[in-house]
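Starting off, we have a lone chain in the form predicted alone, written out as structure tokens.
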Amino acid sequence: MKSFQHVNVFSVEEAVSTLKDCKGSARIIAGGTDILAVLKDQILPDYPEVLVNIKTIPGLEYIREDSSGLKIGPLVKLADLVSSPVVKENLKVLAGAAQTVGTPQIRNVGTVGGNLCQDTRCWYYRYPHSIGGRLLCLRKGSGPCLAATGDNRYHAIFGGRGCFAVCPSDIAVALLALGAEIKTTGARGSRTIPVQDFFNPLGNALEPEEMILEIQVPNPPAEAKQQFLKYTIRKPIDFAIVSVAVLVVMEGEVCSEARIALGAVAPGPLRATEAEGALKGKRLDTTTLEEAAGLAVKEAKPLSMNGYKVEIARALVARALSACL
């Protein structure tokens, strides 16, 4: 690992100022479960010169409930999401997603902000520099997407443009189904970004001198049923092959609202809006659920080796909806 400067900051203002002064050569570190692996393998052509430690900022590790919903600080540990009574009671889908991340050791140090901002797991992108030299691609500034014509078993089946890597965040999928927003702050002030707009084909919407300040989750509809399902090769530790978060509101035997979010199939979590529309105003019998599941993957465009993800996504949507009922 190359040497770098480690800077403790004690306020959000100091963190933003440090990032700005470093002019793009600094990265934030919190739990460190992703950034340290990136640095050790030297996968990036431009090595961060400074790591800005935000764990020393007081007051960013909170879960607060108010009349509008839940406010979550970026330094909240994933394990705290799992154990929080208010999250388990009101945001079951979020607690379920957090529970599936990594191992207990990772959940005890990994943060909500870090899970949202973690780098892609594409094996071409993460190829270690020590084994024949790092592989360049569009996500690193130049070159083609090697997965497009290579081994793309775990890559995007929706929305790949220049890069077919998928978003690895599990909690982003749950937050999308919950209609959450991400509040950020930076040199140009604060802004609030809907979860679906936070991700793009080459990463996320954060500017070099910007950091996550809060995750804002509105109260879900009364009596909403929620479910998170995740398919992996090795259940305890792997990143998702496909994940699904659903929220369903019933009025009697008729569905009045449905939200379906897909994970690990696109550059960011993806709402299956056509499938949602097929459920609203209908009785949710087996035929209706299967129809919605089919519509959820209708626009999928798999690559040469990942067509199997279409069927997994369809099956998970049907199972998650059925579990809500």
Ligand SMILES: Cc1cc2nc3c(=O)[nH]c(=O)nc-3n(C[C@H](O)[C@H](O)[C@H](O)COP(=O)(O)OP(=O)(O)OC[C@H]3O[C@@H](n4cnc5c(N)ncnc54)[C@H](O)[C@@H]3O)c2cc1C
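Residue numbers here begin at 1 and follow the sequence given. For clarity, every value in this text was computed on a predicted model and none was experimentally measured.
The same protein also exists as the form predicted together with the named molecule; that form is not shown, yet it is the one meant from here on.
**Q** Using the partner position in the model of the complex, report whether Arg121 sits within 4.5 Å of the named molecule, counting heavy atoms only.
**A** Yes.
**Q** Please tell me whether any heavy atom belonging to Phe199 falls inside 4.5 Å of a heavy atom of the named molecule, as the geometry stands in the model of the complex.
**A** No, Phe199 is distant from the partner.
**Q** Can you check whether Ala205 is within 4.5 Å of the named molecule in the model of the complex, heavy atom basis?
**A** No - in the model of the complex, heavy atoms of Ala205 and the named molecule never come within 4.5 Å of each other.
**Q** Is the gap between Ile237 and the named molecule in the model of the complex 4.5 Å or less for some heavy atom pair?
**A** Taking the distances in the model of the complex, the answer for Ile237 is yes, it comes within 4.5 Å of the named molecule.
**Q** Let me know the one among Ile29, Ala258, Leu289, Val297 whose heavy atoms come within 4.5 Å of the named molecule in the model of the complex, would you?
**A** Exactly one listed residue reaches within 4.5 Å, namely Ile29.
**Q** State the residue from Leu78, Ile72, Ile157, Leu94 whose non-hydrogen atoms include one within 4.5 Å of the named molecule in the model of the complex.
**A** It is Leu78.
**Q** Just to confirm the contact call: exactly one of 241-249, 189-197, 80-88, 109-117 touches the named molecule in the model of the complex at a 4.5 Å heavy atom cutoff, so which is it?
**A** That would be stretch 109-117.
**Q** Which residues in 77-101 have a heavy atom within 4.5 Å of the named molecule in the model of the complex?
**A** Contacts from 77-101: Leu78, Thr100, Val101.
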